[in-house]
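In the block that follows, a single chain appears as C-alpha cells, in the form predicted on its own.
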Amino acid sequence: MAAVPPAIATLPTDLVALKPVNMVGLDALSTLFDITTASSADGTDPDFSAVADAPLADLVDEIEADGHGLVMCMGKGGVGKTTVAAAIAVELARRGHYVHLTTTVPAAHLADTLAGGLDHLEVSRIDPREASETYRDRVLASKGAGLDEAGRATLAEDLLSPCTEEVAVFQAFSKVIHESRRKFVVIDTAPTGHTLLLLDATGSYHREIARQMGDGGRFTTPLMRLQDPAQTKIVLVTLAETTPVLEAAGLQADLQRAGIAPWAWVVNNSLAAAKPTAPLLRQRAVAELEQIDTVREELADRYAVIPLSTSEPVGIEGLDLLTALHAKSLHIPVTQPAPR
C-alpha cells in the first residue's frame, strides 16, 4: 500500500476489512460494508482435522517416477499457477533431472518468481510477438523465396493476420511438447480462456493431420500427447473458494470433452492447511473445508493442498519450502477493521 503511485494515492479510497466468510450469497454480500463483521469471529474454535495431509511433494514423487514428461499447470488467473509450476520444476531439478520450465502467459513473471538460477533448470517464455516474428521470417524465407516483389508483399500482408500469431504460438507450444519425450517440461499456462484457445488450435491441427493421413496412416500429434496420461500430466490449480473451484471444474469438463483427463488438482494458499490460531482466520479456514472436500471427493483423482505461508514463496529457497514443508500455524492477531 505504501508503494501506490502518487496519481492513484490521491483518489478517494475505501478500505474494506477482511471478512470471516466468503462474499458469496445475499447474506454475505449484505455484510460487505459492515465494519463490525470482522470481529464476529471471536470465540470460534473450528476443527481442521478434515484437512487431509496432502503435500505437494507427494505429487512430485509420482511425476518423477516417469523419468520425463510434460506437466501443465492450468487454472483461472490469480490462483498461483506460476508459483506451483515453478515449485514443481525446482524440485525436479533439485533431484538431478533436466527440466525446462516455460510459460504461455502474455504478462509472464517467471523470472520474478524464481529470482535466480538452478543447475539442470532451463527457463523460457513462449512470447506471442516473438513467435509470430520468427514464424513470419521463416515463411518469407521459404515460401517467399521464389516470389517477385509484389508476391512477397502480398505474402507479408497475409502474415499480418491475427491467425498468424495463433499458428506461431501453437508451433512454439508443439516444440516444447516434443521436448518432453527426453526431459521434464513444466508449462505455466495462461489463464483459462487463453489456454482453451491454444488447445482448440491443437485440436484443429490434429483433425487436419488425421484427414490427410487417412485411416491407415500412423502419426502422433501434440493433441495425442496431451491425451496420453503416460506422457502428459495436467495439474489444475485452484484456491479453496467457491468461484475458483467452480471455474476449475468447468475447465476440467472442457478438457475431458477434448479427451484430456486432468491428472491432479492443487489447492493453493489454504488457510485450513496452515492451521491458523487467530479467530478471524480460523473462521475463514472453516469455509474452505467444504471446497477442499469437493475437490477431494468429487473432482480429483489425486490432489495436494499447499498451506498459506506468512511470506510470498519467491526465489529458489522460497519455492523449495512448498515441497519441503507442510503446514505451519499462523499466529496472526485479529485487529479491528479499518474505518471506511
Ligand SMILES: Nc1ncnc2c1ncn2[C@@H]1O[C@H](COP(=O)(O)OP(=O)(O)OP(=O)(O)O)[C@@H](O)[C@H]1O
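Keep in mind that what you see is a predicted model, and the values were worked out from it rather than measured. Don't overthink the numbering: it's just position in the shown sequence, from 1.
Beyond the structure shown, there is the form predicted together with the ligand, which is absent from this document and is the topic of what follows.
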| query | finding |
| --- | --- |
| Position in contact with the ligand when the complex is considered in the predicted complex, options Q252, S180, T82, Q171, heavy atoms within 4.5 Å | T82 |
| Heavy atom within 4.5 Å of the ligand in the predicted complex - residue from I306, I292, L59, L280 | I306 |
| Residue contact check: D301 to the ligand in the predicted complex, 4.5 Å heavy atom | no |
| Contact of G77 with the ligand in the predicted complex (heavy atom, 4.5 Å) | yes |
| Contact test in the predicted complex: T102 vs the ligand, heavy atoms, 4.5 Å | no |
| Exercise: G69 in contact with the ligand in the predicted complex, heavy atom 4.5 Å | no |
| Stretch in contact in the predicted complex with the ligand, which is absent here, among 267 to 275, 25 to 33, 281 to 289, 59 to 67 (heavy atoms within 4.5 Å) | 267 to 275 |
